[in-house]
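Take a look at this single chain in structure tokens; it is the form predicted alone.
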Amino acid sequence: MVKDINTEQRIYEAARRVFLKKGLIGARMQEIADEAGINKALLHYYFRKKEKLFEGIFNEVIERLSTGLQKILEIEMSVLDKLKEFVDIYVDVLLENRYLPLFVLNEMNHHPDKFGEFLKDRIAVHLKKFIIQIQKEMDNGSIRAGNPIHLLLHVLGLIIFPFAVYPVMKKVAGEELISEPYTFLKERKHEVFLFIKNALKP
């Protein structure tokens, strides 16, 4: 049997929806097959394990994210402007793939070398240039002095952590303070950048 690109794409889209609702551990191959409108045997023909299917989706998402980050890092603009674009694209990708943070953490713990090489090949050169730019702007007083690596870790933490803990926070804080997922998490664009902008004032 020859694999059909349209069927494969349909499986990917169905898997995204199921993974978004159930996560990697909770998702079942039968659910993915039902969501895609195919039988389980056909699903196994395309993807024998759900982990391989998840990995395929993950690689596709990371490719999109790294491509977007490359474009941002290559453009000539200030550190603050780049950070704003960085926050915007990262939040957009996570809004479409809210399971991603937990999967990334799992991959980093279980396959650190593989994951590191994957990112190194795509954004390492551009990221190093951005770190140099951050240091220059810190040195000339455009933004508050500090360690550029800590700054990037702060930014990543502010973006990623809310996506990972949203279900718990909603239970703890109550629905009167936290709106439905998409609206609340989209607000992170403004909130994160405002926090960073104020924190970097000289």
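Only the largest set of C-alpha atoms that superpose within 1.5 Å between the two forms is called the rigid core. Here the structure is a predicted model, which means the values were calculated and not measured. Throughout, we count residues from 1 along the sequence that is shown.
What comes next is about the form predicted together with the DNA, which does not appear here.
Of the residues 40, 170, 64, 154, just one reaches the DNA in the predicted complex with a heavy atom at 4.5 Å or closer; this is 40. Between the options 136, 150, 49, 144, the residue in contact with the DNA in the predicted complex by a heavy atom within 4.5 angstroms is 49. The partner is not drawn, yet in the predicted complex one stretch among 56 to 64, 156 to 164, 41 to 49, 136 to 144 has residues with heavy atoms inside 4.5 Å of the DNA: 41 to 49. The DNA is not drawn, but in the predicted complex it has no heavy atom within 4.5 Å of residue 69. Once you line up the core between the shown form and the other one, the Cα of residue 41 ends up 2 Å or more from where it was. Fitting the two forms on the rigid core leaves the C-alpha of residue 192 displaced by under 2 angstroms between the shown form and the other one.
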